[in-house]
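Shown below, as structure tokens, is a lone chain in the form predicted on its own; questions about how it binds or moves come after it.
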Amino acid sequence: MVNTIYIEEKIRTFDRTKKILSKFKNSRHIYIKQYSEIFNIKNQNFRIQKSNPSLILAFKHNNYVLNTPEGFGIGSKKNYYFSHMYNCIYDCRYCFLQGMYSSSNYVLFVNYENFLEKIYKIIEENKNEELTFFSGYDCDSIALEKITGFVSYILPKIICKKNSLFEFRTKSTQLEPFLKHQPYDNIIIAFSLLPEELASKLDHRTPSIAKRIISIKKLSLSGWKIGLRFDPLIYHENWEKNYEKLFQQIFLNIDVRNIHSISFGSLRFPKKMFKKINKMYPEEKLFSYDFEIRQNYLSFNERLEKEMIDFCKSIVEKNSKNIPVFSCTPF
């Protein structure tokens, strides 16, 4: 339940604003000039706010679509991402957002049309290029869909763009926006996954791995292309056994022909973010590992990272040699 909603005056009369507000019958409304008045206040406590975050409805003025970070992609030469929200309703212990933002309040940009216009423009400027657009970098693509309606808005408008792939990345089990439509070849629904032993400790407030796999199965049986994202791969006691068990669960439930791609990336943090996150959780075992600094990131050492990725790739190849596999790493 969101107790307080901040609304920029600029969007006060927007139909989409009114529709979103209608879903919160008992929330307090406070009107503001700019979302940054609330979101960028100094000395906020991310952890305390996370227990009861507010919602901020805002108008995004620029940077609708950005180039992805180095090493982030699934095959296309040009990769972009867009975020209709800042922050996530989930509380995953390793999430970089808690090191990026000082506020855990949710910012929802309601001018969806501008995101779409920019996507169309990029596609038009790159007619002869294969492009991939990722939704779900600064938020979970689908987790708040019942409130935002973002996927329902944009999905019918991008399925006709044949030279472009669109990936919606999530840990959610909200399937309605996709199951209402027939599947399209240029749409990928990608799920972030960990072994259950880790997810139960680190993926707070998320659907269980078992529920995510059920959702993946439903979508794949309906013909949708599925992305499996093991990013981050996390080293822990019995990691080989636990990751092998996870892959067994997946391949027992999902037809490999419906898996678009698999990607791996080891646990990593920009140096400044790590210090901030580690300070929030001084007793968290996850951050006690002896990480090494690689290109201003803290990560597992290169040998261990390669060992984990190679191990997981070998399990994939035993089940199918036709699934494209990618490594997502800035190194």
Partner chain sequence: MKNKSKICRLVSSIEEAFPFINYYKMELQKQFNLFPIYCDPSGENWLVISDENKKNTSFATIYLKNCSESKSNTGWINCGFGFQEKKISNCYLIDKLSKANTMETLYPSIVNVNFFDRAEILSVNKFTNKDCFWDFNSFDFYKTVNKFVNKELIYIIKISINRNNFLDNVIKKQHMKKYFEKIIRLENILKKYSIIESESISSPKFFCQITRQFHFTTSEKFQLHTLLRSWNNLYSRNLLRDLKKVNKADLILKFLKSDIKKGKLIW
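The model shown is predicted, which means the values in this text are computed figures rather than measured ones. Positions refer to the first chain, counted from 1.
Omitted from view is the form predicted in complex with its partner chain, to which the following refers.
With the partner left out here, its partner chain still marks one of 69 to 77, 194 to 202, 82 to 90, 150 to 158 in the predicted complex; by a 4.5 Å heavy atom cut-off that stretch is 194 to 202.
Heavy atoms of residue 273 never reach within 4.5 Å of its partner chain in the predicted complex, leaving it off the interface.
Contact check for residue 236: a heavy atom falls within 4.5 Å of its partner chain in the predicted complex. Using a 4.5 Å cutoff between non-hydrogen atoms, residue 326 does not count as a contact of its partner chain in the predicted complex. Contact annotation for residue 59: none of its heavy atoms lies within 4.5 Å of its partner chain in the predicted complex.
Taking a 4.5 Å heavy atom cutoff to its partner chain in the predicted complex, the contacting residues in 37 to 51 are 37, 38, 41, 43, 44, 45, 47, 48, 49, 51.
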